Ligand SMILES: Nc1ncnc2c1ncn2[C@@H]1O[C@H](COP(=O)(O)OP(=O)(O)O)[C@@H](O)[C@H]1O
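To begin, one chain is listed below as C-alpha cells, in the form predicted on its own.
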C-alpha cells in the first residue's frame, strides 16, 4: 500500500474567489522502488500535490489514501503519524534548523514521535552517516557549518524519522554543482539500496533525466503526463508540454543536425560521453 489519489481536488480559499489548485487528480505511487519526478511551471500545482502526501493539506474533493490512512480523516482520527511515514523535505530545509547542536537537531524528529533519547540518538547517528555528517561535527552548532552541510543536516533530520516514502521539493536548489551531485547520490542510494520510493519536485531537467524513472507533468492543477521519462522526452508532441529538454538530449539533437551524428537518446552525461567516444572511434 503506497499513496493513491482518487478524483482529488483542492481549493485555496480567497477573500472573494476560491482558487482551484488541483482538479481531478488520479495517481498511484508504490510504497517502494519508485523514483518519480514531478515537473511543471510555477503555479502548476506541484507543491500542493505533494503536501497532500503527508496530510499537510487535506483534499477538498475526493480522497487520498496514504499507506492505509484515508484523507480527509474522520473527525477524531489522528494523522500526525503520516508526517513520520512520509518524509517531506521542503525547499531550503536548512532554514528550519534551530537546535544548539547538529545531533540534537537530527534527533528532534524521532523524539517528537515518542522515541526515547537513546533510540533517537541511534536513529540520528544512522541518518547522519547516510548524509555524510561525521561524528566530529555532532556537537557543533548547525549554524556554523557550510550551506551544503546545513542542507545535509536538515535532510538527516527527516531520514532519522525512518520514513517509508521520501518527498523532496526542489532539494538541490541553491547548491553548487558538487553539492547537487552529492545530495542526489544520497537519494539515489536510498532508492537503490533501501528500495525507498522517492518523489522529487524539480525544475532541473538534467536531474530529472538522470535520476527519475517516472515523470509526472503538472499544468494548471491537472496531470497532463504520467509515464516513463523516455516516453516523455521522446514524445512526438513534447513541445506541447512547454518544457526544456535535458542538456544531453539538446547536445545530441544539435550534433545530429550539424554533423549528422545518429541521434541516440542518452539521459545522463556519462552515457553521453561514452556514446560520443564510441562514435569518434568509428
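Keep in mind the model is a prediction, meaning the values are calculated, not measured. Numbering follows the first chain given and starts at 1.
Another form, the form predicted together with the named molecule, is not on view; read the next lines as being about it.
Contact with the named molecule in the predicted bound form, judged as any non-hydrogen atom within 4.5 angstroms, is confined among 224-232, 65-73, 209-217, 45-53 to 45-53. Contact check for residue 263: no non-hydrogen atom falls within 4.5 Å of the named molecule in the predicted bound form.
Taking the partner from the other structure, the named molecule in the predicted bound form has a heavy atom within 4.5 Å of a heavy atom of residue 21.
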